[in-house]
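The chain below stands alone and is given in structure tokens; this is the form predicted on its own.
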Amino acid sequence: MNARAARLRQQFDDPPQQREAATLGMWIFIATEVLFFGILFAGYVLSRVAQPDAFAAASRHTDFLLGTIETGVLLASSCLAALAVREVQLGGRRVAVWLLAGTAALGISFLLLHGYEYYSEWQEGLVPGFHWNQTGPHERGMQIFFFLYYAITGFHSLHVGVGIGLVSIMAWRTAHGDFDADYHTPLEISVLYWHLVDLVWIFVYPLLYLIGRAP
């Protein structure tokens, strides 16, 4: 049995069918994840419509600089991941390993930056129900904002952590020659998941960091 045949699962007729099934499965999974985030975003939108001034005031307490850096880090990581897939398709396995390692490193950097952001917010007393010292007419609305802030960014960070694990496994498998120009479906769908993580943050960033800073 050749290597290509060994990669084909018995329930599939040929490699293209196996690839299409795996890709479809990942898209279905992504759709379910979008539903989860959609509920949180819907709650955010309804709350913001009800208390726009409180949400604008609360947003000004977020760290705009760190949020912007985190956005750049995730966008750069997504670019590296896409280049890694392209390198494997072209037969550049060694370069692909370094690109995937860079993707994972940027993901870890994102989590570290966001962890520092959480620490700063704790110090400032911006954690509803645990450490809150903000007062004023918008206090209740600000608490709702930060509750949603931690729910959305925490859930997103969980996905980043899972993505780092996936990308690290793909880097290890690439280094050991599991993928080539003809077979790289696991790598491709793992990178597709990583793009989901980045895409969600593209919506999170303006909703949480920019609304109170618009002229």
Partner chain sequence: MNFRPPQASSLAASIDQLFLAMLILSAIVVVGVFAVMLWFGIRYRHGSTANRSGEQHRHLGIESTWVLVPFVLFMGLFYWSTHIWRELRIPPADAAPVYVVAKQWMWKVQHPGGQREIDTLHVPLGQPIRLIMTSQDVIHSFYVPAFRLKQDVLPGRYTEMWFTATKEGTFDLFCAEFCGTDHSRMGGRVVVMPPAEYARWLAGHAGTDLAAQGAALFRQFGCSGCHGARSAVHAPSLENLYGSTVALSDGAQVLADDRYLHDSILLPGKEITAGYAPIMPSFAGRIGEEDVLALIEYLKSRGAEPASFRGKSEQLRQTPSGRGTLGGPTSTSADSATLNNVIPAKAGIHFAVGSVEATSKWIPAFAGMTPSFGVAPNILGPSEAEAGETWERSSPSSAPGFATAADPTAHASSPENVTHQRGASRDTRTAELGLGHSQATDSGGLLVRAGDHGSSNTDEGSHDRD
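Numbering follows the first chain given and starts at 1. Since the structure is predicted, the reported quantities are computational estimates derived from the model, not experimental observations.
Here the subject shifts to the form predicted in complex with its partner chain, a form of this protein not shown in this document.
With the partner omitted from this view, the residue of 137, 115, 72, 91 that lies near its partner chain in the model of the complex is 137 [heavy atom within 4.5 Å].
With a 4.5 Å cutoff on heavy atoms, residue 181 does not count as touching its partner chain in the model of the complex; it lies far away. In the model of the complex, at least one heavy atom of residue 51 sits within 4.5 Å of a heavy atom of its partner chain.
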